[in-house]
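Here are two versions of the same chain, shown separately as structure tokens and labelled structure 1 and structure 2.
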Structure 1
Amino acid sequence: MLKYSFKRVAQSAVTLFIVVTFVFLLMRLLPVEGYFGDRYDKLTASQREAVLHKMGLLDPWYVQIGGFYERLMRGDLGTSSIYRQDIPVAEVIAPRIPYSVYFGLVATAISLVAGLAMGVHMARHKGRFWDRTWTAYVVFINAVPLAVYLLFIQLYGSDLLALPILFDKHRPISWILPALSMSLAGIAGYAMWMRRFMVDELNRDYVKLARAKGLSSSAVMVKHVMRNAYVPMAQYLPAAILATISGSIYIESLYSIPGMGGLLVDVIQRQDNPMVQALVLIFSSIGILGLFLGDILMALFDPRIKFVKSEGAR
């Protein structure tokens, strides 16, 4: 187990390094206007070049990367160029982290409780009324673009339930709609996976033996099938939590929540390259962290996983 964790840590570190480098290089393809803000038109070509040179953007890419990692080690993510001119990126982002984390956790809690219950319910009524009803929900959520149905929730949710249409940190009631919106996709996702895992488990031979032992079908469900179905769920859990945090980009922006996701949309629209770069790095690291934690969690629960796992493809 320990050996497996170490191996997995090392693997994640390598992946993170590759991802960061890859993203960094991609960012070099960005239009250079994003480094100047509204000064761009005022400067002459040679002045622009001087600025770019000062920022190190004209150096060969490997020098740039070296410098970037060196600064990263010191916790320096660069400075914002347009959004909050000349303010360190870290300073812009820091106050926003709590909002993203808070909404991410609340939404995850709601989706987990509701989603798992729904999935178990579906599996137990497989092919019957409730299974079909919940399936219709899952289909709707998966088929209709998030960007569309969330709009309607904001619109009619605020209308019909008399809830605030925008986020206001002083009014807890304004937190309801965004938190709920963030949970909807999660509920559908957890329900679908839980149902699938339960059905998978139900078809396994050990269930036959458990029944032949004389266990009642509800005991088989609770003691064997559900317990076993949670294990593969555990693998997706951290990734899902973190995905909620980063996936709320749209919702944060829709409700003007001062979190990181809404910020990303803002800085993309204003073409603030250093901010975009920093946020993309943060979100990518969150993704890697999620997959890593999932594997560790899975290894904790599943005695069969010791050190090795079939490479790559999950």
Structure 2
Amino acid sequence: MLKYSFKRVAQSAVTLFIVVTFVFLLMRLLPVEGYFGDRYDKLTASQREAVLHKMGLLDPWYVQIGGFYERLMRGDLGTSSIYRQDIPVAEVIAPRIPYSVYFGLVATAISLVAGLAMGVHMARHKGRFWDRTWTAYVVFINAVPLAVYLLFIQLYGSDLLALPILFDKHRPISWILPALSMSLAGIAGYAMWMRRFMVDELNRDYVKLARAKGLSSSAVMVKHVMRNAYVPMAQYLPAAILATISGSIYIESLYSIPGMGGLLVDVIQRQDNPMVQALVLIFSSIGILGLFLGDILMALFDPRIKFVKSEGAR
């Protein structure tokens, strides 16, 4: 188990390095005009060159990325060059983290409770009215573009429920619509996974044997089917939870939530390289950590998984 964990940590580190490096190089391909905003036409060629030199953008790409990782090893995420000029990136991001974490945790709780309950209900009523109804919801969430139904919820949900249309940290009632919007995809995902696993378990021989022994349908569901259905879901729960905590970029922008998601959109538009690199590093780390925890939980919870000593893999 320990050897397997170290191997997965190494794989995760390599994946994170590739993602961050790729984004780093892509940002260097953007036109240099974006680094100046509306000042570009007001500066002379020598002044523009001096600004680019100060940012380190005139150095070869391998020198730039080497300097980035050297600073990163010291815990330095860099300094904002445009969004908040000459302010440390960590200082800009720190106040926004609580918003993304709060909405992520609330949305995760809603998704887990509602999604798993919906999945159980669908499996118990397979092929009947409620199964078809919730399946229609899942299909709708996956088929309709995110922007369409989220805009619909924001515009009409605020009127029907008498809720504020934009986030206000001083009005807790304005937090309801963003949290619900952020949980919709999670509910659909958990419901579909739970239904699938439970339907698979219902067809197992041990379920037929339990029923033959006289156990009630409720007892079979709770003690056997649901218990075993949670095991494969353990692999996906951490990734889904951590992805939700990282916050929805579109939803934070839509409701004007001052979290990390909306900030990422803003700094990409402004070509603030240090800010983009730091945020991509954070979001990528969250996603990779979720996948890693999913593999570990799957290995711990499923007794059928064995580790081969010679390969250190399951």
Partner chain sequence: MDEASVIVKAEAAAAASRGIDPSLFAFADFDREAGERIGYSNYSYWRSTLRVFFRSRLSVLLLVSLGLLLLFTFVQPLIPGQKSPTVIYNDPATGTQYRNVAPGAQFWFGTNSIGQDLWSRIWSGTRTSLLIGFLVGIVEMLVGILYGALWGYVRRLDRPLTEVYNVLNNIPTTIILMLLAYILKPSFRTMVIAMCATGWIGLARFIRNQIVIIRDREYNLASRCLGTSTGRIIGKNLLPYLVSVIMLQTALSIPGTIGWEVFLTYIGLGLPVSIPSLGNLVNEGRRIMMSPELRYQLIFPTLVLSFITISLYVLGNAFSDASDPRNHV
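The structure presented is a predicted model; accordingly, all values stated were derived computationally and were not measured. Start at 1 and count along the sequence of structure 1; that gives the residue numbers used here. Note that the rigid core is defined as the largest set of C-alphas that superpose within 1.5 Å between two forms.
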Of the two forms shown alone, the one predicted together with its partner chain: 1
Did Ala143 shift 2 Å or more between structures 1 and 2, C-alpha, core superposed: no
Rigid core superposed: Val51 CA moves 2 Å or more between structures 1 and 2: yes
Threshold 2 Å Cα movement between structures 1 and 2 for His170, core superposed: no
Following rigid core superposition, Cα shift of Tyr69 between structures 1 and 2 in Å: 2.8
